[in-house]
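Form predicted alone, single chain, as structure tokens, below.
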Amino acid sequence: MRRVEIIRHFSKYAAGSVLIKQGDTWVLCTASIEEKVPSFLRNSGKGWLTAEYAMLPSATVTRKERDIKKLKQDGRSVEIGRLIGRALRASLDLTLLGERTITIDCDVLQADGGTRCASITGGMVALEEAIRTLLLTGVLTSNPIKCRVAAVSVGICDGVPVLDLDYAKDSTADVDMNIVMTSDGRFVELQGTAEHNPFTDEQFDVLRGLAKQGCSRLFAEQESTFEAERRCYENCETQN
């Protein structure tokens, strides 16, 4: 698995912000809070979480044209944004969020495969920061986060199962799969495609096992970002 680094408090104004680096894939994830919900949730007592995804023009070797020039959002970006939203909603009890909306914006600064997975893993930390802000300010009295979510890519390259595909492997893989999991070991979403030869039950089991290992590593990385802050706070309290 590629080296993972999660840098919190990356943006000054967002309620939660994270720069996640997974190999040479870098994604800025921010969380914004609005005191309103979509019309289908008004007067329901429930909150909502949505997500948007975009790649900077220089995120890849060939410049990607901005969506504004085409006067419509790129279909791939819409699909990935919906995936991120679905994944992160699995972590929340929306009835405890109250009638407010959290938007997770995922902007790919640099792409080398696995951008949607990195967006989900980093977006979870940004979401948790935003929830902590609501709890610390007394806006929320109960934590709506039920569990964490993370995502990782797996695949079969030249007949060999591979964890956390970079672009070189992703673009030539026989099988390419993105798996989203909860921190208590359940699956949120599995997106798998055989580019050449269909895969067997046995190969699928191996890929799921690899994904579980990868997500366990990512959950540990998520936790370590908050653990480091707790240790720093405890040290400051001791010194004072």
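Everything numeric in this text was worked out from a predicted model, so none of it was measured. Throughout, we count residues from 1 along the sequence that is shown.
The same protein also exists as the form predicted in complex with a further copy of the same chain; that form is not shown, yet it is the one meant from here on.
Not one of N143, E227 and E229 is positioned with any heavy atom within 4.5 Å of a further copy of the same chain in the predicted complex. For A130, no non-hydrogen atom is located within 4.5 Å of a further copy of the same chain in the predicted complex, even though that partner is not displayed.
Although the partner is absent here, L28 lies within 4.5 Å of a further copy of the same chain in the predicted complex, judged by heavy atoms. In the predicted complex, a further copy of the same chain lies farther than 4.5 Å from every heavy atom of C215.
Within 4.5 Å of some heavy atom of a further copy of the same chain in the predicted complex lies at least one heavy atom of D107.
Among the residues V188, V37, A173, L207, the one placing a heavy atom within 4.5 Å of a further copy of the same chain in the predicted complex is V188.
In the predicted complex, F10, S11, K12, Y13, A14, D24, W26, L28, T30, S32 are the residues of 9-38 with at least one heavy atom within 4.5 Å of a further copy of the same chain, listed from first to last.
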